[in-house]
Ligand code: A2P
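Here we start with a single chain on its own, the form predicted on its own, put down as structure tokens.
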């Protein structure tokens, strides 16, 4: 249930009752379905850009209600940023969407995940392929200097149903060239390719279709994908991941992992519409 009394009850829980509590420092609502927030970072937390942690609130039964969330901030940031969908009847996000600065959330500081640079073989071009809030781990990696040290070109493909749902990623990408830490490194290396699937926009279509048809290569004026030069990371729904894997493998890329780096990796812990 998503009633005000339940939300207020969760928000009013004293810090001492929350294990691994962190304080919310800012919240931004992008649409009626999407929001981002920042929290304090535990001094002991070390993570690789692209990894995820378990975060949440106390449930109605007083027990922690936790879900995997990719850390959207880079590994050097003093705070932690998260990007989330809002689900009216979702056990967690029906409450989480109402957090305010000063509130507490639970954060289990044990980062894991496959969307890390170490899980890929060396290459020349890196593709970030995401739908919806799946852009979160790439928001981290796009702000990491190591990404631009390892690759000559980085391409962020992000697809949502409507233009407003692309705004978080658009503003982030536009801010990078002026970033005092990595602006010079980013330069012209980063190419942004946002598309919508429902609302009319400058660029339309699913990521799989734009890759398979070659449209993205034509639009950006770049060579087609190859196993020799290209590496990719994928984050979206289970159906999206399966479809993208088939397209990447048609170009000769193979799925890798932390223990077996190859040409592409997929995040299997993506938080979907049921949270």
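Values in this document were obtained by computation on a predicted structure and should not be read as measured data. Residue numbers count along the first chain shown, from 1.
The same protein also has a form predicted together with ligand A2P, omitted here; what follows describes it.
J.: Can you work out which of 150, 161, 203, 170 has a heavy atom no more than 4.5 Å from ligand A2P in the model of the complex?
T.: Exactly one listed residue reaches within 4.5 Å, namely 161.
J.: Does any part of residue 240 reach within 4.5 Å of ligand A2P in the model of the complex? Heavy atoms only, please.
T.: Residue 240: yes, in contact with ligand A2P in the model of the complex.
J.: Taking ligand A2P as it sits in the model of the complex, is residue 208 near enough to touch it, meaning that at least one heavy atom pair lies within 4.5 angstroms?
T.: Output for residue 208 is yes: heavy atoms within 4.5 Å of ligand A2P.
J.: Considering only heavy atoms, tell me if residue 131 and ligand A2P come within 4.5 Å of each other in the model of the complex.
T.: Flag for residue 131 set to yes.
J.: Taking heavy atoms and a 4.5 Å cut-off, does residue 198 contact ligand A2P in the model of the complex?
T.: Result yes; residue 198 sits at the interface with ligand A2P in the model of the complex.
J.: From the candidate stretches 219 to 227, 232 to 240, 39 to 47, 24 to 32, select the single one in contact with ligand A2P in the model of the complex, where contact means a heavy atom within 4.5 Å.
T.: That would be 232 to 240.
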